[in-house]
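What follows is one chain in structure tokens, specifically the form predicted on its own.
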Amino acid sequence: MLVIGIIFLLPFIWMLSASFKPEADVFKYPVQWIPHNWNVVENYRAVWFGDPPFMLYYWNSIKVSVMTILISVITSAMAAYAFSKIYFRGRDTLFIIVLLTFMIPGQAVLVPQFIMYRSLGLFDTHIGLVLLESFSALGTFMLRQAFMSIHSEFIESAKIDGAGHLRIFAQIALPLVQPFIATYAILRFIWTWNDYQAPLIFLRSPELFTVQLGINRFADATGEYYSLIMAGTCSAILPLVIVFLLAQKHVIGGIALGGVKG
């Protein structure tokens, strides 16, 4: 297991090592895992304060990710509550249709989405990118399983006391599924932050680029600067590492609860 773990870590270690080296040493053979010549400050200064404006791309990624998480959690939680606790005609059929949309590869709907966004004026905007990723069949499914674990007696008691579904959802159901909400929010953040395809297709203006597109700008007609690309990549994964370290208990706990109660 230790050997397998080290093998999986090798690409990350190489990336980190390359971000510390001068460009000429990146592909030296045999590999210098510990650089002989250090170029750390120059590389990271060129990434963060040079041209292209990596700091702007970083801010764009944070903005898009936070907005996507907020909207996605709200829409998925409300849909999940409706599919689990509100009885209406055709509910189960509609839920199956929602699940079926999860089976459709994202690439299959890119062209219709592109045409629709152009006609609605959402192309090349952050709002368009946020809306594109704010509605998730997987999130609805995950949170529906969580809401189904809440005993109906809680809901019925609240109804008897005169509470409507909106109040029951906000004040009773939502607090009871907080571990699942946290898990989904963290997973949504990781998916959105790492997404390369959607920004590539739906953004054109360089000032709107996210980190994943911004890293590409270290490669141009004159060549590819792998030391800078690796420094940018190390910078890009930093929020993911921080979020995981801070929230790993929620992720593991949420997945464990989902496995038991789902």
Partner chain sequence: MERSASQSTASSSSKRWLSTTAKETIAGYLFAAPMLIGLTVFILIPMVSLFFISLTKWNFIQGFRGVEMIGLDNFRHLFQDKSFFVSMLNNIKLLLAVPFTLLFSLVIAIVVDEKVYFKSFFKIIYFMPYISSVVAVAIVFQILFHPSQGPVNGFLMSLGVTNPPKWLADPTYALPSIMMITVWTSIGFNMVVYLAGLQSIPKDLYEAADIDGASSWRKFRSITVPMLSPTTFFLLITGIIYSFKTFDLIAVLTQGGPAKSTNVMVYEIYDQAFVNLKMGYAAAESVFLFAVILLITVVQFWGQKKWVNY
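Take the two forms, find the largest set of C-alpha atoms that superpose within 1.5 Å, and that set is the rigid core. Bear in mind that the values here come from a model prediction, so they are computed numbers and not experimental data. Residue numbers count along the first chain shown, from 1.
Below, we refer to the form predicted in complex with the partner chain, which is not included among the displayed structures.
- Proximity to the partner chain in the predicted bound form, defined as a heavy atom within 4.5 Å, singles out one entry of Ile172, Ala182, Met148, Ile190, which is Ile190.
- The contact residue chosen from Trp59, Trp38, Tyr196, Trp48 relative to the partner chain in the predicted bound form is Tyr196, the criterion being a non-hydrogen atom within 4.5 angstroms.
- For the chain shown alone, Thr75 is a contact residue for the partner chain in the predicted bound form, at least one non-hydrogen atom being within 4.5 angstroms.
- Of the heavy atoms in Ile160, none are within 4.5 Å of the partner chain in the predicted bound form.
- Residue contact check for Leu208: none of its heavy atoms lie within 4.5 Å of the partner chain in the predicted bound form.
- Taking the partner from the other structure, the partner chain in the predicted bound form has no heavy atom within 4.5 Å of any heavy atom of His126.
- Heavy atoms closer than or equal to 4.5 Å to the partner chain in the predicted bound form belong, across 96-117, to the residues Ile97, Val98, Thr101, Met103, Ile104, Pro105, Gln107, Ala108, Val109, Leu110, Val111, Pro112, Gln113, Phe114, Ile115, Met116, Tyr117, ordered by sequence position.
- In the core-superposed comparison between the shown form and the other one, the C-alpha atom of Asn194 has shifted by less than 2 angstroms.
- Comparing the forms between the shown form and the other one, the C-alpha position of Phe27 differs by 2 angstroms or more, with the core used for superposition.
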